[in-house]
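Before any questions on how it binds or moves, here is one chain, the form predicted on its own, in structure tokens.
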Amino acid sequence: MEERRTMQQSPPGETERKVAVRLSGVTKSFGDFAAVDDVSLDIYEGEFFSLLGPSGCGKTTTLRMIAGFEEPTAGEISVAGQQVQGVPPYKRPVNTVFQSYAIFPHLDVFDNVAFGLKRAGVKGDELRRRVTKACGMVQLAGYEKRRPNMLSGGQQQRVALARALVNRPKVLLLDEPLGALDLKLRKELQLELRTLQEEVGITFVYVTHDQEEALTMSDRIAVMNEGKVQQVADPATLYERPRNRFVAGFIGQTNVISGKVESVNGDRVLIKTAAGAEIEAIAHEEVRVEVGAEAHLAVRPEKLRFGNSGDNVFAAEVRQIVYLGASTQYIMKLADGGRLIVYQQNAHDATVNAAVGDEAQVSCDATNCLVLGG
């Protein structure tokens, strides 16, 4: 029998980076309900950091506590090395961009962007220079005299971004800022936001429930569920090495197969399903594994292939075929009644000829079967 203890390690080099935002044991309760439950996070300077999770997971409440719109019930929050509990939002070195834009309809683009600067006493040439530069950064040069009702949704969101950036905050907080836009525009602005963040070098903390959006834009992502942080990692690690069943199921699509641990040999684990199939999988060091215990493993649909050339072979019946353009999705029924999803790329040399009702074999390598934590 072999055990591996759960632990979270920082990627190489992160311990030397300067922290922009630190949450230490932060809890936010509303009566008996803990919306955020004992969250500790370090967000680094110049990082694009996303809070990702389903509705009600606590991500927006976490952002609002950093902004100062909510105060934590317990724990501490610091921004740029300074404790901010009790500090009002307008005195914190942060600005927030909301999904609803929150720009002033009676002011033109210039005056919307200049609003915060004027309140801070910036005037004359310095005001004009900074507003013009901010508009240029978000591709609104030449739009300074337009009113919001003359702008598209994407342009209005750019105004909100410029107004937040012109004040040179240490941290920019973004609460699902692209949620009201159509899919094509969202994808365009995702890339623009990422490029903008790299150019200005400001720490971005981004809230979203969209997994693809978070994977596309982020340096690191904190996946949240029921008020707790489930895993913090870069996008590739979250996808390829999810820590538990929630992360595996929430980040992309995956097949989860359950069984009992038959043996452990280093990082190789043999799992036997209720139907008697034996599957070889990999258990990384942060996952606890015990012989005889129930275990769950994940394999991504694109890691499976038709045929019996892999370490693990599954016999299954094709129940549904869905053409997705670049790939085709096959939904298979296993002998024990379980479901297996397989993606196959629609390449020039594709040779899959399976039809609904066919019996087929699909296989995968043990290195693509990952034992999950609890």
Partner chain sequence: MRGQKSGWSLGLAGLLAPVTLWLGLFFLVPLLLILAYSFGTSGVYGGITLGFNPSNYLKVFDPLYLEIVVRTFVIAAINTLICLLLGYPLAYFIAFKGGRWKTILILMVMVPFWTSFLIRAYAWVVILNGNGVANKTLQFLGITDGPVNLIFTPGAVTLGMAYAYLPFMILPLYAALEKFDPRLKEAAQDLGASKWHTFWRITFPLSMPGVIAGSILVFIPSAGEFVIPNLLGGSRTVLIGNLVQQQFLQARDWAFGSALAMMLAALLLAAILFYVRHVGTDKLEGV
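Positions refer to the first chain, counted from 1. Rigid core here is just the name for the largest C-alpha set that superposes within 1.5 Å across the two forms. What you are looking at is a predicted structure, and each value in this text was computed from that prediction instead of being measured.
The same protein has a further form, the form predicted in complex with its partner chain, not shown here; the description that follows concerns it.
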Stretch in contact in the predicted bound form with its partner chain, which is absent here, among 223 to 231, 276 to 284, 163 to 171, 262 to 270 (heavy atoms within 4.5 Å): 163 to 171
Every residue of T237, G252 and N255 near its partner chain in the predicted bound form, heavy atom within 4.5 Å: no
V94, V207, M217, V299 - the one with a heavy atom within 4.5 Å of its partner chain in the predicted bound form: V94
Single option in M150, L183, A141, A102 placed near its partner chain in the predicted bound form, where near means a heavy atom within 4.5 Å: A102
4.5 angstroms heavy atom contact with its partner chain in the predicted bound form for F306: no
K145 within 4.5 Å of its partner chain in the predicted bound form, heavy atoms: no
F69 within 4.5 Å of its partner chain in the predicted bound form, heavy atoms: yes
Interface membership of R64, its partner chain in the predicted bound form, 4.5 Å heavy atom rule: yes
Residues within stretch 116 to 133 having a non-hydrogen atom within 4.5 Å of its partner chain in the predicted bound form: G116, R119
Large Cα move at P301 between the shown form and the other one, threshold 2 Å, rigid core: no
Rigid core superposed: G75 CA moves 2 Å or more between the shown form and the other one: no
After fitting the core, P148 CA displacement of 2 Å or more between the shown form and the other one: yes
